[in-house]
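So this first bit is one chain, no partners, the form predicted alone, shown in structure tokens.
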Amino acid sequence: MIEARNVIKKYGAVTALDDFTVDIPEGKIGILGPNGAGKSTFVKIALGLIRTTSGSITVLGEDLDRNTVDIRRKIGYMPEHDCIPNSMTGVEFLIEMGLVTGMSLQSATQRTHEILGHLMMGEEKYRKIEEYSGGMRQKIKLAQGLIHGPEVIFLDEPTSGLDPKARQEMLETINGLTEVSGTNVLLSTHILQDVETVCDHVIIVNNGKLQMQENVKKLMQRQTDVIQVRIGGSTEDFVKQLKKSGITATSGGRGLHVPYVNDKTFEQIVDSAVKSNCQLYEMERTTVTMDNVYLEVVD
């Protein structure tokens, strides 16, 4: 769907993307990364809003530098910032956005009611946007990105600021996009659970480089329960003692991650702490989540 090859993007002395290379498949893709990691820069380049310093990028099989206008007709965008006109009704705004993309009035009107019906806007679509709740405003922003039937839509923090119910509704809507309309989704978010809930693949970006690209289900299936361990003393000696028991500990979060096999694992941890003269401060069994994976990659 999107291919980037050795992309470099500099803002003066700051390098936002550093030899960034990635192949993004079709489906629902999550892009994760801390602030300043380069994910927003990548999204802006993929949208054709800014150009690379060097390297190449293709979107939907077309060279972005050569066919920016044609590619934009196939792309939808739901921005994070609140940029919708308060004085218009939801229906008026969407019809206007359809006309802007080159649709006829009849087509724009029909498409508007189809999308708002799918989003379960009900009679709210005839109210002025200034009267909308946060969840309704997010739905309208999503709707305007879908009005022209794009092949891929970029979603920038779509659940930001939503209450739990509205957030769940938004995630369910996003989940249905590929099933109902065949629209591919590129989801940029700081909420790791959203990626775990919605996305087929995850891309983690840090320091302008690709750190991980994985199928979400396969990634989580490979993870096992772990025991979070914090100790006082020589971590190196403690890890060596664990290895003698056939256990490999890894750094993660506040201390070490020890794979949980059975309840005997707890005994082996205690025994290793005693033999390495380490104080055992914490030993808690937890389930690995996207949060754990993310922290291990970006720390």
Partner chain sequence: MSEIILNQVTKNYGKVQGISEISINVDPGLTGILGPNGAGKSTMMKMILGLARPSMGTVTVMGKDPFTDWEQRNKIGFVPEFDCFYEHMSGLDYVSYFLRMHNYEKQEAEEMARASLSELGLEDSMERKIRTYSKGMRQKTKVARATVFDPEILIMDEPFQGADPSTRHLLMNKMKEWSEKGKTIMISSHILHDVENLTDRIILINNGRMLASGDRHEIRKLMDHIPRQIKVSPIDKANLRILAKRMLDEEWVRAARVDEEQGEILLETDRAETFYLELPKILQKEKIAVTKINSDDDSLDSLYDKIVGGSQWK
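As the structure is a computational prediction, the values presented were derived from the model and not from experiment. Think of the rigid core as the biggest set of C-alphas that the two forms share within 1.5 Å after superposition. Numbering follows the first chain given and starts at 1.
The same protein also exists as the form predicted in complex with the partner chain; that form is not shown, yet it is the one meant from here on.
For residue 125, no non-hydrogen atom is located within 4.5 Å of the partner chain in the predicted bound form, even though that partner is not displayed.
Put simply, residue 298 is close to the partner chain in the predicted bound form: some heavy atom of it is within 4.5 Å. The closest heavy atom approach of residue 277 to the partner chain in the predicted bound form falls within 4.5 Å. Residue contact with the partner chain in the predicted bound form: residue 91 places no heavy atom within 4.5 Å of it. When the partner chain is considered in the predicted bound form, only one residue from 220, 162, 210, 116 comes within 4.5 Å through any heavy atom, namely 162. In the predicted bound form, the partner chain lies within 4.5 angstroms of at least one heavy atom of each of the following residues of 186-201: 190, 191, 192, 193, in sequence order. Superposed on the core, the two forms differ at residue 272: its CA moves 2 Å or more between the shown form and the other one.
For residue 233, the Cα coordinates differ by 2 angstroms or more between the shown form and the other one after the core has been superposed. Taking the rigid core as fixed, one finds a CA shift for residue 23 smaller than 2 Å between the shown form and the other one.
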